[in-house]
Every structure is written in C-alpha cells, then in structure tokens.
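Presented as structure tokens, the chain that follows is alone, the form predicted alone.
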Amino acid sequence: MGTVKTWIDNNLKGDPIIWGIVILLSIISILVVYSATGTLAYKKMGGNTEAYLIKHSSLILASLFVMWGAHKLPYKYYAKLSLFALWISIPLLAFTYFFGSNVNEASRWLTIPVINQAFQPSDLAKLALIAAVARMLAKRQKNIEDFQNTFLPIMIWIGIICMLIAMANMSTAVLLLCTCLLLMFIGRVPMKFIMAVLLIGGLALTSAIFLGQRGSTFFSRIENFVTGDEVPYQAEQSYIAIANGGVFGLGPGNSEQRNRLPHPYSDFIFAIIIEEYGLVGGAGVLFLYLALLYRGMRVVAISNRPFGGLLSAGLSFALVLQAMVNMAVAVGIGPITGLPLPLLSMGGTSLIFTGISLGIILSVSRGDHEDAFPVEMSTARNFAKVA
C-alpha cells in the first residue's frame, strides 16, 4: 500500500481531486458505454458487445495516458504550441469542409490512414483557440485596453476559427464563442470590446448558417424546441428512458431504450445513465462535473501567473459547458445539438483531446500549486496578527 502511494505521489502531480474525478468518470463511461452499445454491436459486430468494450476501454486508457503526458509538460510551453496549432487548424478545417467524411450532411471528420480512426479538426482548433486567447490576454494585461495591438488580433482569430467550425458544426462553434467571451471577461477586457466580439462572432456564425452545410437543420431544431409542435424522435426516446429510470433506475445493463434511442452511447448517453442509475445517478454525474469546474477554477485562484489562470479557466469552462449542454438536451431543456458528453461518451479523438485539456489544467495546478500554499499561509498569519 505504501509503495502504491509513493508511486502516485511521484507520478500523478497536480490537483488530486481532478485526478479522482476523471478516473471515476472513466469507470462510469466504460460501464455505461458497454451497456449502451447493444444495437450497434448487433448491427456491426453480430452481437459481439465485447468488441466495443475493448475498443472503448483502450481509448479511455489512451486518453488517461495522454492526460498524464500533458500534465508532465510545463504549461508555459503550451503558449507557443497554441499559435502553431492555430495555423495548422485553419487549413485542416477548410480541407475537412470540402473533402472530409460526410455524415448526416456534415463534413466534420478526417480519417487517419493506417489506424482508420476518424479525427475532428474542430477538437484541435477549439483547444488551440482557447490556449491562444489565454496567451494573448496574459501577455497584454498591462495594455488590455489597446484596441489595435491587444484586442484586434484576438477578435480576428475568434472570428475565423468560429466561422470555419460553424460551417459544419454550429453547436461547437457557439460553445467555443461563449468560452472565449468568458475568458475575455476574466481577463479584464473592457465590456465594449467583449460586446464587439459578440457582434463579430454573431455575424460569423450567421454567415456560416447560410453558407454552411447545416443551416436548415439548425433552423428546424431551434423551431421545434421553441414551438414544441413536434418532438424529435431522439428527444422523445430520451424522455422515455428518463421516465423509465425513476429515482433509483433499472440497474446496470438493464436499459430498455438503448435499442431504440439513436446514439445512446454518445449524444444521449446521459439518458441511459438516468435510465439505469436513476435520478440519483444522474445527479451524481452532474455533481462530478460541477466539482471538476470548481477545482479548475480553484487552480485559477491559486495560480501566480496570468497565462496559467486564464488557460485553466478557459479549458474548465469549455469542458463543463459542453457537459451541461449535453445533459440539458437529454432532459429536454435545450435543442438537440449532437454534442458528446465529455469523458463519458464513446468517441475517438474527442476523448484524446479531452485528456489533453485535462492534462493542461493539471499542469497549471502542478506548476503553481506548491507556490500557492505559502501565500495562503502568509495571508492567514497576517490576518491573525491584525485580529
């Protein structure tokens, strides 16, 4: 037991609560995805659900490994990597839009040769933009009100990346814009500049609606949600799953709607969680995400450097905001988006990029965590002297 504790202390640095939340959500993901892949296994694997269990478990382990590797790298290096990733993202997003795999009338994926794994360039672009905005804000804190040198580059990058993503994936672009606005607010950007970004981002997203691939789908989903005249099939099946679950659920592996609900292992995995584990299980998952946000923001509070705090805030908001939207869709308080539930939904590269994001947050907590407690102790001593 002592050897295990020593190994953990030496190898798993950073906020231990975040490590615990991620591992717990990973275990839940393996259990629920294994249960939810019944129909998919029947259609593609002849009923062999173990194939998806092995594949998903391997991806979970890969994401944890990537998370561990990302948290070992000092977070200051992500400032330079973010700009490189941004320049790579633009041609990748454009190439994907014109030549990517078209699924449900949207070209969001590129297939990686040899391993035959789908890859969404929007995942890379989202991570790169958040890190780059955090870098630009941190670097220019002394000249935060300088429009030309500080604000204009941020506005241009946000407009370009959000528009390119929105051409095929509107929900991801909207959440990314919201995250950047929150990041700018935390970074002390004047409200008039934030409103300008909101206007530019709104124009970029509106252009993408009319020029992109999913404009008609976007309008129909918003109309159905607002009017309530027609409940989409997937939403209806999700409500049935939630009603079946009740307070304590049907039990692990006993979902009835997994064979009727479209994408029960990704977009609507939260409905399966409630059906099998009840409102108690659903509330537990919600609590874990809120705890993750709290710990991510605590890293912001103890960070001694602007870039580290802004980076942790942006990535924490992005992950938890996406989770909240996914869960809202499942329970019927938001229009259907098609966003996966971070850390829980079955996926490929989305799990890997989630692992990278969490690893960066841990890297920030690892880099500044030790310096924070002497500051807190010194503050406590000063307060005691005053008292």
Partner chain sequence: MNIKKSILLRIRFAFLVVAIFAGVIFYRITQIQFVEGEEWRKKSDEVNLQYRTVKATRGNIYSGDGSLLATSLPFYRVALDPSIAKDEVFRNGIDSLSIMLSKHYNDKSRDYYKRLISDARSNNKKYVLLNRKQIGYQEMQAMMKWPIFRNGRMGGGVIFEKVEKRFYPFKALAGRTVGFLNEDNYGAGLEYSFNAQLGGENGEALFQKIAGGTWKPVHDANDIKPEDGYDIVTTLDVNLQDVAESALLKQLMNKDAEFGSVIVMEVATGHIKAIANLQKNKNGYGYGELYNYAIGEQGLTEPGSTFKLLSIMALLEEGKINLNDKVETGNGTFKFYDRTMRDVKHGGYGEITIREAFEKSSNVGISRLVEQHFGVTPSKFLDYVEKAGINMPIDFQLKGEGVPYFKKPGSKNWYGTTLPWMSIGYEVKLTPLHTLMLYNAVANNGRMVKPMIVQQISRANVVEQEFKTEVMRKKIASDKTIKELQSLLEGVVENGTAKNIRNADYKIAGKTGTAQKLIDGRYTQKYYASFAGYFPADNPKYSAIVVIDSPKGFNAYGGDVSAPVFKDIADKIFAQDLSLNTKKYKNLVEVDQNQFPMIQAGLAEELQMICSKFGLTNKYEGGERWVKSSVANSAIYWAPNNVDEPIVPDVTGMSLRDALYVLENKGLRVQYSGKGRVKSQSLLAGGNVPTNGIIKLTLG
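Remember, it's a predicted structure, so these values are computed and weren't measured experimentally. Numbering follows the first chain given and starts at 1.
Keep in mind that the form predicted together with its partner chain is missing from the display, and what follows is about it.
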Query - Partner-facing stretch of 121-129, 70-78, 245-253, 162-170, counted where any non-hydrogen atom is within 4.5 angstroms of its partner chain in the predicted bound form - result: 245-253
Query raised in the report: Using a 4.5 Å heavy atom cut-off, are 182, 240 and 259 all in contact with its partner chain in the predicted bound form?
Result: yes
Query raised in the report: Can residue 31 be called a contact residue for its partner chain in the predicted bound form at 4.5 Å between heavy atoms?
Result: no
**Report entry** is_contact(residue 279, its partner chain) in the predicted bound form, heavy atom dist at most 4.5 Å
**Finding:** yes
Query raised in the report: Would residue 151 count as touching its partner chain in the predicted bound form under a 4.5 Å heavy atom rule?
Result: no
Query raised in the report: Any of the heavy atoms of residue 283 lying within 4.5 Å of its partner chain in the predicted bound form?
Result: yes
Query raised in the report: Which of 92, 85, 189, 197 has a heavy atom within 4.5 Å of its partner chain in the predicted bound form?
Result: 189
Query - Proximity to its partner chain in the predicted bound form, single hit among 356, 336, 60, 324 (heavy atom within 4.5 Å) - result: 324
Query raised in the report: Within 283-306, which residues have a heavy atom closer than or equal to 4.5 Å from its partner chain in the predicted bound form?
Result: 283, 286, 290, 293, 294, 297, 300, 301, 302, 303, 304
